[in-house]
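A single chain, nothing else alongside it, follows as structure tokens in the form predicted alone.
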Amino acid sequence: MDGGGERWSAVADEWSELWGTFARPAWAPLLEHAGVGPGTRVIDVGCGSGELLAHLTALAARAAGVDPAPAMRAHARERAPVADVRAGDVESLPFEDASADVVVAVNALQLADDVLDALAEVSRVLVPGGAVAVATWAESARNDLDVVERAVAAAHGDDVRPDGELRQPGGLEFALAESGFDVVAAGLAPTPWRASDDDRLVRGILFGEDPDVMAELAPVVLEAARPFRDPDGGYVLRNAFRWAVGRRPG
């Protein structure tokens, strides 16, 4: 899996500060259609710095988290101390067969080397009738963030990767169906990202870059984000996540 545990550990603090709750608008439909409630055994795959994991424990779910990055796991344990946080990824889940009622993967499934292999592993840990709830970025045309990232890539001389199949309409549903899940719900969740000032905008877009690169590309970021600036000096980038819930036949 292209999880980059060491790379993500290096940016764990910034990720938690700037992006940790970004996908929150997708949580409610995922958890509702997956039937998460008190006592539900839920595995949060790619739990990152633990924001969704903490939300699950607040719902009284029996939550476990999996992430390849040690520093991310440290954040998750601090944020959700009652959760069972383990090293692993979506293609190698450190859990017994049929040990979970729900598996949630937000902004994680697309990192798998083979999505169908990953979903087979998810199916393994689910009980018959258990649910998988997945979400990822929608196609680039729906994301202001992609406008800024394309400008940064052009300034850096980098190629812009095309949208993956999971980002396309119906992509998540197709992957779930191909993996033997019965698709029960799917949708689009608006996920705006707000930056209160220029500094937060630049750090959010370029997090993980070294200071010299950040200083070089900051003007590019600010110019590309100009259409998204608020009168108060902040920025609102409107984006969207696609989500889908499937159920293992029981």
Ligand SMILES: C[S@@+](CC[C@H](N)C(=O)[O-])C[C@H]1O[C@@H](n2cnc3c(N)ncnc32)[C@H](O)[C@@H]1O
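This structure is a prediction, so every number in the text was calculated from the model and none was measured. For every residue, the number given is its place in the sequence shown, counted from 1.
One more form of this protein, predicted together with this ligand, exists but is not displayed; see below.
Only one segment in the set 208-216, 57-65, 38-46, 191-199 has any non-hydrogen atom within 4.5 angstroms of this ligand in the predicted complex, and it is 38-46. A residue is said to contact a partner when one of its heavy atoms sits within 4.5 Å of a partner heavy atom; D89 meets this definition for this ligand in the predicted complex. Within 4.5 Å of some heavy atom of this ligand in the predicted complex lies at least one heavy atom of N107.
Within 4.5 Å of some heavy atom of this ligand in the predicted complex lies at least one heavy atom of A69. In the predicted complex, W15 approaches this ligand with a heavy atom inside 4.5 Å. For the residues V152, L111, A83, L145, the 4.5 Å heavy atom test against this ligand in the predicted complex is passed only by L111. Interface residues of 8-22, taken as those with a heavy atom within 4.5 Å of this ligand in the predicted complex (partner not displayed): W8, W15, G20, in sequence order.
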